[in-house]
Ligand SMILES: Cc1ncc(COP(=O)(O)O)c(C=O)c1O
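One chain is shown next in structure tokens, namely the form predicted on its own.
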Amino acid sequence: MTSTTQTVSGERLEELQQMAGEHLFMHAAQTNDWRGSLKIFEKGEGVWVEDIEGNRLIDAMGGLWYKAAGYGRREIADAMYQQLMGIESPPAGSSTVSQIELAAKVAELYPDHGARVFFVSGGSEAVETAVKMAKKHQQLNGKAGAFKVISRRYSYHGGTAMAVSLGRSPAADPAGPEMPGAIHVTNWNSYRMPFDGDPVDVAVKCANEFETVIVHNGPSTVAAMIAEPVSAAAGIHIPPAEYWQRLREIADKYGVVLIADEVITGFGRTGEYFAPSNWGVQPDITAVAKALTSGYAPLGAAIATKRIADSFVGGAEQTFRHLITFGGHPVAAAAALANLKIFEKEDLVGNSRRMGDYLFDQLQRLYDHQIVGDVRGGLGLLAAVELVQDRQNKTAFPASAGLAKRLPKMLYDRKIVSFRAGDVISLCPPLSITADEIDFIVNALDDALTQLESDLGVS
């Protein structure tokens, strides 16, 4: 990236920091942690970003799990501009060419080509829509009392009031009371397996908890079960194929709707357009967002298979009475169409698979550091490095070690932006990344961990 950003004066930077400190409510962040030192960015190109002070860095988290096609894509900006200059939003109860073409394109990429797409504004809304759709589907198909939803402990499914009930992740700040009927089961953890035994057997045992809960509560009361294909918020844990295959069997056996939360993994992150395809599984409803537009505009969707979608075709009773004012905004739809054209033109899904393997291989040398307990990845461009105080016993560092504050700064000093760096360093770079840029990230991690070990007194 050639720098064209003009650094601001010290006076202007101070003014911006003061305004932010007094009036900006940053998402999921303690104001006292960033007040006066907020990172402000002005330019991006490819995997690189440039802050307002002229520092050029690699974004190793792809924004917040979403910058799939990378920064600075003029073709996406042009598509958005053309939509704005035509009609920016249609009258109520109508549509635009961009919305229609995008729905057809998503169905073309989805394993079930007869799918129907309900557009929303983002990931939390996509999950809310998927759950509501599943409940209405059950009501229309003879399970009027089906309201319960089974999710996995510590999974993150969004920040809205209903979504935080699913998984009850601490990252979602669940304020309660939770949605009635929200039931939590054991999550899959590849590093600290919840039970002893062979990983495949343990994964199937975790999946079987869904069946136990369904039987205990009564199948007629359970509407849906929801899971992330890869539990990102819980630390990037990739399950064996048998895990999702078993979830599909259980859902079919008891007539429960299987929802895949692919807000993070959808559209190429795992080396397939949709992650369950890695294991030969077709969910009933898939929640997507983030990479659908590569973050160029807010957009999400609940993708329903033809079987689910056809439940809502009929008379007034079958109508899905669900409305999101800016869901599928035409400008966002135009951005998504241009984004997906880049995916196909540059084979970003294939690049995710190839570069994901390369990233995972390169990360193995971090085991030279005593504090590296586990390196996870190998399924597209989604990886994690977990740090521990004691590798043999997998003992986590105490909060007093302050890794969540130390590591982001260490990496920033080495030209890496990492939103998720602490006990677990998550990596989710743009799908357009090259091998040289992966080397840059891994070298920076290696150097930062050397400094961290020195600071912690680890020899």
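Residue numbers here begin at 1 and follow the sequence given. Because the structure is a prediction, the values reported are computed rather than measured.
Here the subject shifts to the form predicted in complex with this ligand, a form of this protein not shown in this document.
Across the options 155 to 163, 302 to 310, 246 to 254, 107 to 115, residues that bring heavy atoms within 4.5 Å of this ligand in the predicted bound form belong to 155 to 163. Among 98, 124, 270, 339, the residue placing a heavy atom within 4.5 Å of this ligand in the predicted bound form is 124. Only one of the listed residues (263, 76, 224, 214) places a non-hydrogen atom within 4.5 angstroms of this ligand in the predicted bound form, and that residue is 263. Using a 4.5 angstroms limit between non-hydrogen atoms, residue 228 touches this ligand in the predicted bound form. Residues of 193 to 222 are not found to place any heavy atom within 4.5 Å of this ligand in the predicted bound form.
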